[in-house]
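The chain below stands alone and is given as structure tokens, in the form predicted on its own.
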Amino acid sequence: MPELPEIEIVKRSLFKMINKAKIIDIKINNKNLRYKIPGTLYKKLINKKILKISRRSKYLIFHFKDKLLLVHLGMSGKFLVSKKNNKLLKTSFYYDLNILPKHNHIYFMLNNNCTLIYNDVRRFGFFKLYENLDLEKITFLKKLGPEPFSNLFDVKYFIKFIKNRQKNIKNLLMDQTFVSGLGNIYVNEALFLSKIHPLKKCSNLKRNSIKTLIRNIIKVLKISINQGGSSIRDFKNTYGKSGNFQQFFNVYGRENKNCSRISCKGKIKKISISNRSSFYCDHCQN
């Protein structure tokens, strides 16, 4: 599933390609995504101008004058942009050039000679249209914790949240009500940089360790965004540039390899935590 950096890159790519464009036609080939696409989508979005494209956690938000369109890509959802010359530009995560048109479920024809296409093999993604412009009142968003880049995500907030909690730090960071947008890859990497074992109880973390962890979470996410995301399955942005962050993995997917720290003699181990693969150095993470 795409994580925060991948969705951020998709958002930026789409912003460059279709922001301020007007929807002049909509073609729906398949309404049966995770939630059925409402039949009123055409009527309510036709001739509407895309004023802004934003991201909250792992959600994309298309802003119109009096409406919001919330999009989640699920496991395999992706946006493609088709130019007038029929050239397809990729914007999403788990896919390659052999995209089957039968999985193109929605076409948004725009007045800038582009067509925005939503393709989803597994159909776990969804579209939700809201008349209410208050993001905090949207069911999918109102329980989300602060963004990792937000000033609200600080040491004070962290300490208050973990008070008397026995949850391990890996599960805490994966909890979207605590901090939104983090996924398995980046949690593994941030914990490694912070020298924290993924099974360590969050209530046992010292203030300095928390400060270091917050700093490394932000560092890992920024590096990934700058590198174009993680190409576990050929992520590319709209201009065809592959994500390169996987070249910088210290622990993720490196089971039984030597620790990347020159001064460390440890090996990378793999364990399962809440049915997710977790990677850590058996020597320097404690």
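The numbering used is simple: start at 1 and walk along the sequence shown. Because the structure is predicted, anything quoted here is derived from the model rather than measured.
Keep in mind the form predicted in complex with the DNA is missing from the figure; the text below concerns it.
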| property | result |
| --- | --- |
| Contact check for Arg12, Lys49 and Pro148 against the DNA in the model of the complex, heavy atom at 4.5 Å | no |
| The DNA in the model of the complex: contacting segment from 257 to 265, 219 to 227, 61 to 69, 33 to 41, heavy atom within 4.5 Å | 33 to 41 |
| Ile273 within 4.5 Å of the DNA in the model of the complex, heavy atoms | yes |
| Residue contact check: Ser209 to the DNA in the model of the complex, 4.5 Å heavy atom | no |
| 4.5 angstroms heavy atom contact with the DNA in the model of the complex for Asn111 | no |
| 4.5 Å heavy atom contact, Ile185 and the DNA in the model of the complex | yes |
| The DNA: the contacting residue among Arg215, Lys137, Lys102, Lys83 in the model of the complex [heavy atom, 4.5 Å] | Lys102 |
| Proximity to the DNA in the model of the complex, single hit among Phe124, Tyr157, Tyr107, Tyr130 (heavy atom within 4.5 Å) | Phe124 |
| Heavy atom contacts to the DNA in the model of the complex at 4.5 Å, residues of 154 to 179 in sequence order | Asn164, Arg165, Gln166, Lys167, Asn168, Asn171, Met174, Gln176 |
